[in-house]
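Presented below, as structure tokens, is a lone chain in the form predicted on its own.
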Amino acid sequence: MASSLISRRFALSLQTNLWLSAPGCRYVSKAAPKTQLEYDYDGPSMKTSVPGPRSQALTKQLGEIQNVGAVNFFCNYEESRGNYLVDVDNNRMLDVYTQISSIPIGYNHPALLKLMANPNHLSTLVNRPALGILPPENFPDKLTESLLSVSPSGMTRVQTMACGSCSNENAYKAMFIWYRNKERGHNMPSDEDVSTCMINKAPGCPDLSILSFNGGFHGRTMGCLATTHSKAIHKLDVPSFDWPMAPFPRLQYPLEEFTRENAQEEARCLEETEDVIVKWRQKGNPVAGIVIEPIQAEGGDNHASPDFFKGLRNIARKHGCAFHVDEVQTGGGATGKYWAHEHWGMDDPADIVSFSKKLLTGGYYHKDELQADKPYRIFNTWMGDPSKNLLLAEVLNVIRRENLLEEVTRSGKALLNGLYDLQAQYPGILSRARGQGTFCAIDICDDATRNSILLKARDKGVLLGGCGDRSIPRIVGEKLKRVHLTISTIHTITRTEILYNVCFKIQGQMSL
């Protein structure tokens, strides 16, 4: 056993040394306190159109097994580095989509490879425990090193999960349990509660609701779909709960020219939100919780001011609703802070904060009173994966060591200024440039043009993805320097030449 571990470490060390001499590798990090070698390619290199012949053959093969309508192309992750994704046809693309905004510090980061080469971590990688009943000895320490080291203000408890949808789904359950215990004045259900819940009837299965917002996206599982309102394809043919929806502000840009109009729009949305809560209580389906994204991502990168969120928080308190901030898309540093809600400047911003994607694991932080009152109420087999907490701890070390949050702020300004310039240059095509940190967006004239750009840009070596009805999200994922921390959107750009130039102009400004 010992000899095999030594052999593996030697092989990994050899592979790393070979990467150093590989064509296209270069030093790119100068912000770290100590000089570090980091590996990235110099630029895209396209051999075929995308998908190429090998990708097409694999897509046909996979199509015999499952639906492949969403498959873009097949990837060679072993050869992908930093900001660059390599496909099976040896096309190398600048990846500004970053696996639907889930890659925090680029592909094959040396610090993570070194971590995985440590034989002391083999057990964590090989064994996946049922964390709710049989956690490993070091689990409390690893949670403290990773998730709790970046916990939101006022929260010292975290519940791990596997993905964004199950994080939100279980957060909803926690809010319902909290609300019913509050109504009862204790946490002991009656005999009637117990018996009726087994046949899906009240009071054991109460008529309670979660309020969400038009344009929001919170996942694709059954409960989450009732709060998802971004695209019909997610919801079509699936039964849904009778839960309320409120309007999310639609701001006008540039912000400084529409101060009065935007303030009126946000006031209107807050007023309608409170009206909805009152109406749902009157119809016998009270709102137990409110869920909202700090920036609506999948729904089109829609922003609102800190005053709007402060007003919403106050409405939740007034009506006794739990306030759930969904940071699955925005958490992890893309806005220049670990959590987008930190920009609101509140000491008590939320009761629950859910996360996933760039945090590598899923879960939610919560206040003490939303702790599950009995075992197995918030539960599944795995409840996360300890190996992801191990990786996350090292990702956070890299972010701190290389001052990536500061780099996000600096690069985000360069990016947004570039989008402003392009918007001025192509007013018939681009509009509504906006952003926070590198979580930036710009709208395009129509959906067909947007989609055409995505395909043409990909063939030129720039990998993008769409969101909303006419947006292109995720220019760069969290590793700003080689580049990123997410540029959640470059939303909608019409001509391929523009988009191609934008991407390389941005990369040139952000590379160190």
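The first residue of the sequence shown is number 1, and the count goes up from there. All values reported here derive from a predicted model rather than from experimental measurement.
The same protein also has a form predicted in complex with a further copy of the same chain, omitted here; what follows describes it.
122 is the sole member of 263, 414, 278, 122 with a non-hydrogen atom within 4.5 Å of a further copy of the same chain in the model of the complex.
Proximity to a further copy of the same chain in the model of the complex, taken as a non-hydrogen atom within 4.5 angstroms, holds for one residue of 158, 316, 393, 422, which is 158. a further copy of the same chain in the model of the complex is approached by residue 221, whose closest heavy atom lies within 4.5 angstroms of it. Within 4.5 Å of any heavy atom of a further copy of the same chain in the model of the complex lies no heavy atom of residue 53.
When contacts are judged by a 4.5 Å heavy atom cut-off, residue 431 does not count as touching a further copy of the same chain in the model of the complex. Residue 341 falls outside the set of residues with a heavy atom inside 4.5 Å of a further copy of the same chain in the model of the complex. If you check a further copy of the same chain in the model of the complex, you find no heavy atom from any of 321, 454 and 461 within 4.5 Å.
Annotated contact segment (heavy atom within 4.5 Å of a further copy of the same chain in the model of the complex): 107-115, selected among 436-444, 303-311, 289-297, 107-115. Residues 371, 372, 373, 374, 375, 376, 377, 379, 380, 381, 382, 385 are the ones in 371-386 with at least one heavy atom within 4.5 Å of a further copy of the same chain in the model of the complex, listed in sequence order.
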